[in-house]
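Consider the single chain below, provided in structure tokens and representing the form predicted alone.
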Amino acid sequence: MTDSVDVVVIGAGPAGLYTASQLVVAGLDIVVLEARDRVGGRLHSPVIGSARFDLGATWFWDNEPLVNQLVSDRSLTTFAQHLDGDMLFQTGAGVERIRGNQLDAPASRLVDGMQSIAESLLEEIPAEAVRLNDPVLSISPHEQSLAVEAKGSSWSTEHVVLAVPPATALNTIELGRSLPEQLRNLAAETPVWMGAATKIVAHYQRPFWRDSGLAGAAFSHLGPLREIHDMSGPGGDPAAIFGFAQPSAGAQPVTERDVLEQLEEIFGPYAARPIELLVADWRTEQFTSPPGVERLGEYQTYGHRLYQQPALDGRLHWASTETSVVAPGHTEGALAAASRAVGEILEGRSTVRSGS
């Protein structure tokens, strides 16, 4: 049985949900198909005890108008990234203390985690229009529509919005040979932002590093964590630091033992005894990262001109952060790409109605 809607949005991350919310306001009939059992995509803030920890995106900045406006309009509670104190620098010769925090810049965070952006957008979309655990299997063009086959549903639609990374869409969705070869090649080589990263959060009883005037920031030439930042909540509660590891293609997953040994060497014995260590290896996320994601390094493909126009006779729209010409890789980029896709759809429908 096939259902008909004006627009099928693929992906319930910030780009997909922002697209859907804007199209609902415009009066269009939409459905959002999400492969996971949650919304947010790379905005992922699981609840651990009484706190939330960002295992995906963490920050946004004052010069990003779309995300700041969204946060303000939905009354999400913000606080400033902790910056005060000295940073540490790890080399083969040991750990050096550097005066001041030269690694971090002023940024904003959300008390309820970045995933609360997606959750606030979800409230603006009819509940029945968002389908979780329903990965899209194929998209095929017909004369006046696109056919979308998902694991648990089938759809006929005027427009499809791909709010997932291009390389991921190409890997998980059968598009046949409908896309031009140049566009297929572009999508296949476009890196997935954070797709090759492993993010590790160490949760502690207290922000002990601040006791000795440290910012919780560190840079390492050794690894496995290359850069480390304070991830504590307002006033240091909950207390946490996090770091990024960038395993090379084919490398074994980062081990907790290696991380704890590194944290102890950098911050001292207390750092080796966190309440818990949270590990998010985004390489293993099928609906974020295609196989071999570490090999994708052509970042100049971000915001490529081919992503700035819809494919398949104006019916297939790109709306992931990688396709944005504004702040690609950031949540701001996801919202900007979504805004572009919404504009394309509304302009296209207006042109059809006017007969021009």
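Remember, it's a predicted structure, so these values are computed and weren't measured experimentally. From 1 onward, residues are counted along the sequence shown.
From this point on, the text means the form predicted together with a small molecule, which you will not see here.
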Counting only non-hydrogen atoms and a 4.5 angstroms cut-off, does G314 reach the small molecule in the predicted complex?
no
Non-hydrogen atom contact A12 with the small molecule in the predicted complex at 4.5 angstroms
yes
Heavy atom to heavy atom, is A35 within 4.5 Å of the small molecule in the predicted complex?
yes
4.5 angstroms heavy atom contact with the small molecule in the predicted complex for G56:
yes
Can you pick out, from K199, H82, H159, H203, the residue that has a heavy atom within 4.5 Å of the small molecule in the predicted complex?
K199
Candidate stretches 229-237, 98-106, 191-199, 271-279 - the one whose heavy atoms come within 4.5 Å of the small molecule in the predicted complex:
191-199
